[in-house]
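The data below hold one chain only, encoded as structure tokens and taken in the form predicted on its own.
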């Protein structure tokens, strides 16, 4: 009889164990459900479709059925178009490396400088953050005019100081650097605000003790500030790499991938395959490869954040 009683009560207990979390989190799930549906519809479903189309000879014409071609699209992307694809990947990696060299430490420097100011730091916070508010397309067109050969602002300044005009966007050796400078100017302010927030969490007692010991500003920055914000710096470095791997708007508007494919990127390759050649299978294949690279970077980001949390 005892065994039967336990067997009868177990489902009721299981139901109660299920009902309690449902009552506790049901309202929150109800609020999240529309966002989850929209995210699934506009994010996960296109990713799944891209995965399927990358193995097909896909056509938008309903009268022409799509054919399963297996790995043929990947062969076309990696072997037949090896030169163009390799150039696109090289340019993306070059953009990432130059972005880290030119623009990674600039927000750190600006944040530390503003944090050390006794007066006027509010003005500089707003001034440096204004470019982050401007739309990327507007900023790109503005810098395109700044880089205009002979008549642009930079070349005019160079002539004024007695230097030869560079011709930033028509020279293959300087075109990519010009894009990086523009992207750095656009994004440094937003990153600086994050570093300023991190600096506010540094205990002021450390600075006061260092000042009593006679430490200079340079020593305080080296031994207190940088070690305290190092976890934030590592996270933002990975986020910057993930973001710069997806560069498209800047080279598309400013250089159209030129000169001599010097700024041709992976997303521009996908754009050409998709909207100029109407080859949806090869475009999806390259998009899937880029997606896998970004997933790998995201996994690294997740592991770094977990270790820093520990």
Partner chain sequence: MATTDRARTLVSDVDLRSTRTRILYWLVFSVLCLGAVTTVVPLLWGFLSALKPTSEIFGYPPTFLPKPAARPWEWQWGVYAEVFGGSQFVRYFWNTFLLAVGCWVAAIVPSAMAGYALSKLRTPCKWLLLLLFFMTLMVPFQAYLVPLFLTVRDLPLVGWNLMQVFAGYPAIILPAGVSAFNIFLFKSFFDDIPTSLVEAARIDGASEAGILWRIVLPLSYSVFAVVSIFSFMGTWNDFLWPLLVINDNQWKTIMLHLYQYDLQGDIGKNKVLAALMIASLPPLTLFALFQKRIMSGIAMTGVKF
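Each form is matched to the other, and the largest set of C-alpha atoms that superpose within 1.5 Å is called the rigid core. Positions refer to the first chain, counted from 1. Treat the numbers as computed from the prediction; the structure is a model and nothing was measured.
Just so you know, the form predicted together with the partner chain exists too; it's not on screen, but the next bit is about it.
Partner proximity in the predicted complex, defined as non-hydrogen atoms within 4.5 angstroms of the partner chain, places exactly one of 71 to 79, 90 to 98, 133 to 141, 174 to 182 at the interface: 133 to 141. The partner chain in the predicted complex is approached by residue 284, whose closest heavy atom lies within 4.5 angstroms of it. Interface residue remark: residue 152 is counted as part of the site for the partner chain in the predicted complex, having a heavy atom within 4.5 Å. Using a 4.5 angstroms limit between non-hydrogen atoms, residue 29 touches the partner chain in the predicted complex. For the chain shown alone, residue 34 is a contact residue for the partner chain in the predicted complex, at least one non-hydrogen atom being within 4.5 angstroms. Residues of 143 to 161 that come within 4.5 Å of the partner chain in the predicted complex, judged by any heavy atom, are 143, 144, 145, 146, 148, 151, 152, 153, 156, 157, 159, 160 in sequence order. With the core held fixed, the Cα of residue 32 is displaced between the shown form and the other one by 2 Å or more. The Cα shift for residue 216 between the shown form and the other one, taken after rigid core superposition, is 2 angstroms or larger. Once you line up the core between the shown form and the other one, the Cα of residue 277 stays within less than 2 Å of where it was.
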